[in-house]
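Only one chain is shown below, in structure tokens, and it's the form predicted alone.
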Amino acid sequence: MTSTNVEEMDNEATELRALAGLRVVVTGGTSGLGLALVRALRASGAEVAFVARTRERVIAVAEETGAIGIVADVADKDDIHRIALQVGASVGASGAIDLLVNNASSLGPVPLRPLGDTDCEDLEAALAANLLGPFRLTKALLGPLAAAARESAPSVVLNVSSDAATSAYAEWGAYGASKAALAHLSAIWSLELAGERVRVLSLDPGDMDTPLHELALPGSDRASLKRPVDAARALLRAVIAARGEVRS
């Protein structure tokens, strides 16, 4: 490791120190970007609860990071109330949440296919995970988010987006349409929640070397893809900027 790399790591650690003590919820927290976010947040001293569907992976990540693991599916509306209750019993015990990251996503039908070959049920599933899930969970946690904003700095909802939300790609119809809807939802909520000091961001982390990317495009050149840890740090820097807190 060169001295330049060490300096860069020290600068990143200092910059992300602004996350220390924050109460955070991350969905899709057991792989790819979600896992990188959980690790970076915990390393920065944040209190973290994460949500994912696979019990074994939730247990493993919770043991590794010390974060609170919640086994649930954000695409299932019946799980949302339970998620909110478990969050409230852990990181939200004070009645406040500083950051919600809606990261869990579904590609829709795999292998990817044209819209004309997409079953209605596959489109519904993508909308449930990528749009309705974030909407329901954000709505369920609006009270704790607003409570945190009243304490000190603004709270943040980060909706993980994609370039497929703004550019049309053949065979990415279910995913792209659901992410486009999420981006527009985010813009509207940003306006509506400004008075509550709840910032709503919709950010594209870029093409990353993740299981989701491999599922969508098997055999891609992994060396050309962004590392999830780098994408996670960039997103968290955006969160810090949105809160207006950069501590030295």
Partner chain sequence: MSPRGTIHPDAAGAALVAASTPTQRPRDARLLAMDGTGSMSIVPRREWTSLVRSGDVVVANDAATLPASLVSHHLRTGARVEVRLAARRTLEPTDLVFDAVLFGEGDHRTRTEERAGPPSMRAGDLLALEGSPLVFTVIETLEHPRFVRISFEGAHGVFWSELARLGRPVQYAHVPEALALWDVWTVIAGPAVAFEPPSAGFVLDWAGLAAIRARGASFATLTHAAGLSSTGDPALDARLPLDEAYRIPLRTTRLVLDARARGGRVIAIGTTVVRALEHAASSLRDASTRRGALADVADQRIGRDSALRVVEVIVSGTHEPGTSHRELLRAFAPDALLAEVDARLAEERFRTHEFGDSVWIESGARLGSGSARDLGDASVTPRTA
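All values reported here derive from a predicted model rather than from experimental measurement. Positions refer to the first chain, counted from 1.
Not pictured, yet referred to below: the form predicted together with its partner chain.
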Partner contact check in the predicted complex: of 81-89, 127-135, 155-163, 105-113, the stretch with a heavy atom within 4.5 Å of its partner chain is 81-89
Please determine whether Ala93 contacts its partner chain in the predicted complex, using a 4.5 Å cut-off between heavy atoms. yes
Does any heavy atom of Leu142 come within 4.5 Å of a heavy atom of its partner chain in the predicted complex? yes
Any non-hydrogen atom of Ala177 within 4.5 angstroms of its partner chain in the predicted complex: no
Can you tell me whether Gly219 touches its partner chain? I mean in the predicted complex, with a 4.5 angstroms heavy atom cut-off. no
Let me test this: is every residue among Lys77, Ala146 and Glu196 within 4.5 Å of its partner chain in the predicted complex, going by heavy atom positions? yes
